[in-house]
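Below you'll find only one chain, the form predicted alone, shown as structure tokens.
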Amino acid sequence: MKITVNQKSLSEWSGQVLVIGLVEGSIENQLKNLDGICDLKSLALYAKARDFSAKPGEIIKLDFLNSSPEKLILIGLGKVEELSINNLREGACLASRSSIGSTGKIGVFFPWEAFELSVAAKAVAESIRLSIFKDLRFNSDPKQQRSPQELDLIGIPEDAIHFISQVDPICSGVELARELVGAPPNDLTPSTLANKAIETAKEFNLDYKILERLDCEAQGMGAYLAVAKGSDLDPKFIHLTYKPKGAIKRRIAIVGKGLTFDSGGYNLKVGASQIEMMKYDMGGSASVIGAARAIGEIAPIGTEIHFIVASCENMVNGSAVHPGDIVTASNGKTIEINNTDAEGRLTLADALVYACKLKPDSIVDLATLTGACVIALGEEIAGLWVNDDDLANELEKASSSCGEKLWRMPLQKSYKEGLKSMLADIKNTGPRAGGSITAALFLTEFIDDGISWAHLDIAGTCWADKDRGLDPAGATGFGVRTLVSWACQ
């Protein structure tokens, strides 16, 4: 979608769909901006008859014959004193969905003056584009939906176009993540994921390295390889690197859980575990590769960024890891596997050790790690565990700016008692209570002292069973925007 800005009056603007955001109160006064486009008195009477008062989520759609615009959409944004960037996002999503069926240009005129211009323009542009995404790759006869191909932000100075220069690469990264998560597990295997990472690296000037099984054995990745043993498909350890031009002032690593399918292993997923949906257990890796794609195009200065994924399947065969097995991670820690369905943390263990060897200033991992996090925070908020307050503040600022919600959770050290093993250094699961916390505490065993680290549990946020405004039903691509915003700070 092409994105432009201009300061034309509404009567001078031409295009197919015109969207006007209104706040509660003085509706007739706000409609004066439409003078020359339609009969204001009739429009005001129509709005009154429809009980339109510009409350959040209210909408009026009008079609015009043989004119420009062809469609007028009025969106309620709520009370002016309660107006937030999220009101703009939600209004933009509603308008975008309502414009489906029209092609050409959509123009959006919102009360920009109430916000920091760069933040508001970027939020609306991302929302317009992402809310109309639809993955039709696996339909035998896909019906391509008609939707606007150009977005014009009206009332914004021409020199402000740089505010939204990152929108296209970020949205492309989110869409890539959605496609990766949405693909079925017979299509997206560890090899396919690795090939997609290589393709992304080549297109956007990233260095890449794929470690095969023997390479991982040489590095002592016993935890990761134990999970991969049950699958007929080879594991693929993916490492992409973005190197900026000029001096490097900061080095970070982003690690994603990459289980392209998770059966649970011998602790087979049953009942309400939704085994048929376990294709999305690589949601963390999808966000990492989507972020790599966006960052490669944006090309931020001063920060070297490593993107790491230990990809494999968790399956059941004669070679699969047993409940009760003891394995050794690449930092020498021994792990008693008391639950083969807690496999993601085993793959992350070796991936985090690998990341620490790169000597980054900070590491952030993303994983669809625990059902406990979904119970605690639901499907719209990801859990955040972090060992450094400054990093926590950076990530919370990044997530807030792009509309992805994080909630900081405790790293209660006393809970680590539940991970003690009679035979090994540590077990891979603790008691049922506080399961998302003990999962994060398990990961701390593989982080070197002095390295800032954060863990994002996106088990609830990576998939939507129904439309959630900016996120259509299906894969959400959650995390890409936060990672890009954080990496480009």
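Note that this is a predicted model, so its numbers are computed, not measured. Quick note: we count residues from 1 along the sequence shown, nothing fancier.
We do not show the form predicted in complex with a small molecule, though everything after this point is about it.
- A heavy atom within 4.5 Å of the small molecule in the model of the complex is found for exactly one of 333, 269, 250, 357: 269.
- Think of it this way: in the model of the complex, the small molecule has a heavy atom of just one of 406, 254, 342, 77 within 4.5 Å, and the residue is 342.
- Just one listed stretch, out of 137-145, 120-128, 273-281, 165-173, contacts the small molecule in the model of the complex at the 4.5 Å heavy atom level, and that stretch is 273-281.
- When contacts are judged by a 4.5 Å heavy atom cut-off, residue 441 does not count as touching the small molecule in the model of the complex.
- In the model of the complex, residue 429 approaches the small molecule with a heavy atom inside 4.5 Å.
- Among heavy atoms of residue 368, some come within 4.5 Å of the small molecule in the model of the complex.
- Put simply, residue 456 is far from the small molecule in the model of the complex: not one heavy atom of it is within 4.5 Å.
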